[in-house]
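Taking the form predicted on its own, here's one chain by itself in structure tokens.
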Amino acid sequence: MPAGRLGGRVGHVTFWVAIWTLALGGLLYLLLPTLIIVVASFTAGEYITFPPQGLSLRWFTRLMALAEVRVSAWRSLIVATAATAVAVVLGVAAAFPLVRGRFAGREALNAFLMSPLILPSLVYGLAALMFVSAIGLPLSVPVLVLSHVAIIVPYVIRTTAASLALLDPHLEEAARSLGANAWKTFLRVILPNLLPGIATGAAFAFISSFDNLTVSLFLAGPRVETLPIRLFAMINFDFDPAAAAISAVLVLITFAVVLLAHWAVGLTRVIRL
């Protein structure tokens, strides 16, 4: 083999080895803290340590005995589900003018709707608290749901808009030429093609709402404690290994939601075929 070709092949292999090493190293760096807290949640000791002092499920069992944890987890589930449902409706509706609209200020509107992803959570939480106080609304579950909607709806808008931009407009024209009205065209042609984007956005929205701490600290109120707030209190005032068990449960829920969204996206593709 000529020396030049051999040198080129060695350089090619070296390049991809470096890329894969960097990628795997970055992935390990991102996942290692999560893996550590999950392993630590199975400790048999009285404190959070790594490596754990023996393996046990005692702290997961203890979670079931803590009424405040059960109540806060149920409340987080209700808030995240309600906020995601509202965000999906608003996000899908907002995606259409942003993608297909031709009006002055469209880019400004898009930037405004995406601003919750850019603004620091502390700034938004404080601003939302001042707004709620100014109009005289008491801190409650509906207020918390609406505050979460504002910070998670950009995920639905972005993923739905991406799916809508890829949708072939000739499909809608064909449906209308065959006699379908606007609603039938939307329900039978447009919506099935948007479901992968909607499912992905809904998954991100649910996870962001369920795990949200910063905004919830401002707007939850003393009687509206969510699971992240309960976890924060346990870590702040009592370094209880049950906090590690809660963290492991949150990781499991997040992983389950991602898998569910992946399954939903694959199912919608099969249905379309």
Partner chain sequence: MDRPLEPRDQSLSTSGARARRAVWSRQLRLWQLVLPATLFLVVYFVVPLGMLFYFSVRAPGVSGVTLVHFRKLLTDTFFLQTLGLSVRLSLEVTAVALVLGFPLAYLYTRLGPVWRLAILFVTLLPLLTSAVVRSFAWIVILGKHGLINTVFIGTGLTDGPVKLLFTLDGVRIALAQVQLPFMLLPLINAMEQLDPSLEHAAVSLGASQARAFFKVTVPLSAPGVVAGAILSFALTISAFITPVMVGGGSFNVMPTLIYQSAIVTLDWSTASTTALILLVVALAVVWGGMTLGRRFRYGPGSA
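Note that the rigid core is defined as the largest set of C-alphas that superpose within 1.5 Å between two forms. These numbers come from a predicted model, not from an experiment. Numbering follows the first chain given and starts at 1.
Although not depicted, the form predicted together with its partner chain is the subject of the following passage.
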Residue-level question: is residue 56 within 4.5 Å of its partner chain in the model of the complex, judged on heavy atoms? no
State yes or no: in the model of the complex, is some non-hydrogen atom of residue 247 no more than 4.5 angstroms from a non-hydrogen atom of its partner chain? yes
Against its partner chain in the model of the complex, would residue 218 count as a contact residue? Criterion: heavy atoms within 4.5 Å. yes
Contact test in the model of the complex: residue 82 vs its partner chain, heavy atoms, 4.5 Å: no
In the model of the complex, the one of 165, 90, 71, 78 near its partner chain [non-hydrogen atom within 4.5 angstroms]: 90
Stretch 84-114 - residues with a heavy atom within 4.5 Å of its partner chain in the model of the complex: 90, 93, 94, 96, 97, 98, 100, 101, 103, 109, 112, 113
Please check if residue 64 moves between this form and the one not shown, taking a CA shift of 2 Å or more relative to the superposed core as movement. no
With both forms fit on the core, has residue 26 moved 2 Å or more by CA between this form and the one not shown? yes
Core-aligned, is the CA shift for residue 258 between this form and the one not shown 2 angstroms or more? yes
